[in-house]
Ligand code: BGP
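Encoded as C-alpha cells, the following chain is the form predicted on its own, with no partner shown.
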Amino acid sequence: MYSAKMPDGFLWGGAVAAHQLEGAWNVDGKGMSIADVMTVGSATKPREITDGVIEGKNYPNHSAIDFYHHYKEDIKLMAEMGFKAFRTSIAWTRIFPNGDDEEPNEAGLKFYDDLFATCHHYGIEPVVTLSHFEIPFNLVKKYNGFTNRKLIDFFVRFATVCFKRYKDSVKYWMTFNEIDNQSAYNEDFLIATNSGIILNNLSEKEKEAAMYQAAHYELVASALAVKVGHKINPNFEIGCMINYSPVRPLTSSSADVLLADKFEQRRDWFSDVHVFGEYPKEVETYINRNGYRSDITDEDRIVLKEGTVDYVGFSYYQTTTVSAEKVKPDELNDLAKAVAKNPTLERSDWGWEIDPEGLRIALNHLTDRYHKPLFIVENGLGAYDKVEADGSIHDDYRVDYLRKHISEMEKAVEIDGVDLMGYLPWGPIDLVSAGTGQMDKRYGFIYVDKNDAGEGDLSRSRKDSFDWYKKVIKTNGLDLN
C-alpha cells in the first residue's frame, strides 16, 4: 500500500450538509426548504417530493440527527479524531426563511456564530457551502426556482449577509453544491434540489431547456457572490463544487470514445464557466442550436469573467463508463442512456461502482484542465453497519475503501504534483442520505442510533474507523495501516 506524508497545512477532516444532519426544521424561525418536503426512500425506491408537508409522510430531514442541539458534542468527537477542517452548509432558510425576505433571521445567524466558534475552539477550520440542496421551498413555489432571474438577487443577498457576518470566522467557501448534477435533468430529485425546479409534465426538451437556463442564472449568481465575497474579505478562498466522475469508454470503438468525450462536455461545462468565466465552444453551440437559453446578457458574460473561483472543490465517489449501444454521440441528451456497467469494478450495496484509482485519475484530469488548487470535499462509502452485543462496530469495509482512496490521492500529490488543499470524506458522522433519505445507509466514523423508520435514541458511538482515521490524521497520511 503506497503512502506518503501530506504537505504541512493539509486540511484533513470531514463533510456534511445542514439539511442532512441539523434537524430542527422549523425551530427558531427557520423556513421550509426543498429538503423538508422530501420523503424517505431506499436503494430501489426514489424519494418523493411532495407539495408541502403532508401528514402521515416520513420526512427524515425534519429531525435528522438533531445536530442543531448536539453540535457541541459532535464537534468535540471530530476534534478527538484530529480534524483540521469541517465542511458544512448554511441552511438558506435559517437565514432567510422564505428566500425573498428583506431582512435575515437573527436566530439563524446566531446558530452559525456558535457553531463556527465551537469549531475554532478546537482548531478546526469551517469550510462552508452556501447552497447545498436546501433551496427555500417558497422560491420553488413562487418563482419556479432558478428558472427565474430574480433568484440571482435573492442568492446574492443571502451570500452577502453570510460573508459579512462570518468574515472573520470562515475562510473557505463554496457557492453551489454539485452544480453539475442537474446535467441529469430527467431526474426530478437532482434538478429540484439543485435549482428548485419541479419538472411535473414537461417534455424532455422543456426539461433540458429549463436546466440550461436555471444553471446559467446560478453561475451568474455564483460569480456575483465571488465578487462580493472578495470585496468583504480579500483573504476569502471561494470555490465551486462539482460531482466529478471521470468518464471512460466501455470499448475502444471510436463511437464509444467520442461518446465519452461528449458525455464529459455535458458535465464539465459547469466548472468550465466557474473557472474560465465563459462557456466552452461545444456547449455554447449545443445551447444555441437547440434554443435552450433564452436569456443571457452582455452584462452576464462580463460578470462570469470577473467572478471566477479560487479553487475547485469536488466530490468523488465513482467513475462513469459509457457505451454507444443505446445512444449515438451526436444524439446524446439524456446522459443516463449512455451509462454502462463496468465489468471490472466492484459495487457498493447501493450499486455505486468502487474505483479507488479513479480518484487519482480525477485529480490529474482536473489539474490538467483547470490549473487551480483542488479540494476533495466528499468521498466515502455508504454501507450497512452492525452494532455488536458489546456496542462495538467493526467497519473494516469502510477502512478498506478509504485507505485505498487516500493511497491514490497521495500518489496524485507526491508522484503527479497535484496541488491539493485537503481531504474531507463524506459523512464523518452518520446522517440522512440525500439520495435515498435513509439513515441505514451509513458513512460515518461516528455511529448515530437512528434507523430508516426514525427509531433510536440518537446516542453517538465510535466505530473502528474512528481510531483508524485518527491515526491517519495524526501521521498526516503516512500511516494508512
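A quick note: this is a predicted structure, and the numbers were derived from the prediction, not measured. Note that residue numbering follows the sequence shown and begins at 1.
Not pictured, yet referred to below: the form predicted together with the named molecule.
- Residues placing heavy atoms within 4.5 Å of the named molecule in the predicted complex fall in a single listed stretch, namely 178 to 186, out of 285 to 293, 249 to 257, 332 to 340, 178 to 186.
- Taking a 4.5 Å heavy atom cutoff to the named molecule in the predicted complex, the contact residue among 397, 352, 276, 236 is 352.
- By the criterion of a heavy atom within 4.5 Å, residue 263 is excluded from the residues contacting the named molecule in the predicted complex.
- The closest non-hydrogen atom of residue 441 lies within 4.5 Å of the named molecule in the predicted complex.
- Proximity of residue 67 to the named molecule in the predicted complex: non-hydrogen atoms within 4.5 Å are absent; the residue sits far from the partner.
- In the predicted complex, at least one heavy atom of residue 426 sits within 4.5 Å of the named molecule.
- For the stretch 308 to 328, the set of residues having any non-hydrogen atom within 4.5 angstroms of the named molecule in the predicted complex comprises only 317.
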